[in-house]
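Below, in structure tokens: the form predicted on its own, a single chain.
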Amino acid sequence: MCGIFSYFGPKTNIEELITGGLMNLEYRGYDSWGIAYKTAQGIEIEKEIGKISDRVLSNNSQDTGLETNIAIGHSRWATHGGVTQANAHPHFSADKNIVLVHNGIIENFFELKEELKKGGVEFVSETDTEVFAHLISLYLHEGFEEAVKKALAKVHGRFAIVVICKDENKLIAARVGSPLIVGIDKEQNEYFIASDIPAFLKHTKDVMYLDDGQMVTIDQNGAHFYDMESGKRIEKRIVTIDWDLESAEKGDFAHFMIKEITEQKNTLHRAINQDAGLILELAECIKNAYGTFLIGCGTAGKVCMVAEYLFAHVAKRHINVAFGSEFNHYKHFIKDKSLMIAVSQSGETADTLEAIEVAKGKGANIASILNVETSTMARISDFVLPVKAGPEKAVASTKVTTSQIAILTLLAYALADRLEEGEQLLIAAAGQINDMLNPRYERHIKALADKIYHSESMYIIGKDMNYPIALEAAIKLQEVSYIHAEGFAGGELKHGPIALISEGTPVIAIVANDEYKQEILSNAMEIKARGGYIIGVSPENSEIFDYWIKVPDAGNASPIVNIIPIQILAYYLSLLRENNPDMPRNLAKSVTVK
């Protein structure tokens, strides 16, 4: 949620630089944006409602005539206060000496706001962020850095801020909970501060990570990191990121979503090509744990549900599954020998991070399965299994989802001492997916989208490990098509949901070639008898199906192959309904606030 991109260095095309960086963060979700930069007259701010890409830069924006080449930018997703120009970031202090951008939520902002009002401060926005600017200004007589430290000490919550001062040639940034990364190009003596690496990937791959409870000051002498509470200096190493710029750009594809769906030909192979020693080591941790808990949010939560079935079938092992936002219910069962396995794309999901903090506080071991190996989640985990999918920029997760399921499948087989069998299963499935993802297959699914895109509601049924895939399919359809979609366990249909079926209602039946095949076909027949339009996702056709989407017969890898055609369907439905599949309304890629 929200995006921060800031710069310190010799470049003079500041407007182009900052807006370009913010455009690289558009996938995070936002409804307004703004930039602030220093000039000979002070600090200038530009703020707008809507998309950055809608803005056409003026011809003379190559050189803004800055006194110092310091600028901060922000893309905002509204939390406190509506979508207005006044509420967009950056925010000034009353005296215009301080301006800042902020991600996250200040939990005690109301109390602080009332206190500042009593002191005569007048607020011009409804945001919690403005409180931060006024607090820093209040202490500015003690020096810029000290003022930031004192303001930080007064606020509670999860946040990331970047601040500039009218009279100082430096940037100051700090974080608690929300991600913030420093990019560095030593040769050019330039620094970037951003919420995520793609913002500055075209400029540098060298980064230094700002951890929780830390702040950084950047000036002509470099970047200096400190502990926020003690003020003690912290030495940071430079890490070189192995992402390439091409993987973070659309290339010849119309949207990131279809590009990332197509990339599953390759990303599954990368997920399978894990260090076998890491898989076996984590499997051994599960064997020795006093209770293992799988947690994730949204799509990652559905991946965890798939894994619950896999561990039961393959390894005959019970695993506890919880959404990060609902983990509080399980905290009493965590012991010092428990194991928590967190599943995430970004590694910055607020609810999952809070669950990890609870588990760590009780002495549990933490393992993470995630795509961003240098994220907060990775750095606080005892054990990390990387997804290796590369940047995923569409809000609706596709390639990372299937890679996460693949890794958990390997883990289930390793737990049963059958890792090689699991590898062969997934290699075969990846080869079948490579054959499946072709233009003719896409056209077949688009033809289905043409038939059903006017539908008001859709339903998806599955059984066993494909029940969570039905739930995930509903999420995909909801996210990008905005069609009301729900997933059900096939056997639960007659316990209420079948009342929703009317003539022509599209229902996707996920039918794996397993012991439950006849049961789910029977459920589909019940729907058809009530007028439902049955879309079969199955290795074999059936007279029950009104439309058949063929998928490989992949055994225990069926959850992976079965979700892919529904990802494609969701994409084409979004286009037909004139939606942007990469940036669905009201959604963000990384949910970094609760």
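Only a predicted model underlies this, so the values are computations on that prediction, with no experimental measurement involved. Note that residue numbering begins at 1 and tracks the sequence as displayed.
Beyond what is shown, the protein has a form predicted in complex with a small molecule; the following relates to that form.
Engineer: Contact check in the model of the complex: G462, N513 and N562 versus the small molecule, with a cutoff of 4.5 Å between any heavy atoms. Do all three pass?
Structural biologist: Not a single residue of the candidate spot has a heavy atom within 4.5 Å of the small molecule in the model of the complex.
Engineer: Could you work out which of S344, S195, S75, T376 is the residue within 4.5 angstroms of the small molecule in the model of the complex, going by heavy atoms?
Structural biologist: Contact with the small molecule in the model of the complex is made by S344 alone.
Engineer: Just to be sure I understand the contacts: of T299, S381, N97, S338, which is the one whose heavy atoms reach within 4.5 angstroms of the small molecule in the model of the complex?
Structural biologist: Exactly one listed residue reaches within 4.5 Å, namely T299.
Engineer: Please name which of the stretches 308-316, 475-483, 263-271, 130-138 has residues with heavy atoms lying within 4.5 Å of the small molecule in the model of the complex.
Structural biologist: Answer to the contact question: 475-483.
Engineer: Answer for V395 alone: is it within 4.5 Å of the small molecule in the model of the complex, judged on heavy atom distances?
Structural biologist: Yes, contact at 4.5 Å.
Engineer: Although the small molecule is absent from this view, report whether T402 comes within 4.5 Å of it in the model of the complex, heavy atoms only.
Structural biologist: So T402 does not count as contacting the small molecule.
Engineer: Hey, in the model of the complex, does N466 get a heavy atom within 4.5 angstroms of the small molecule?
Structural biologist: N466 lies outside the contact set for the small molecule.
Engineer: Going by a heavy atom distance of 4.5 Å, is N523 a contact of the small molecule in the model of the complex?
Structural biologist: No, N523 is distant from the partner.
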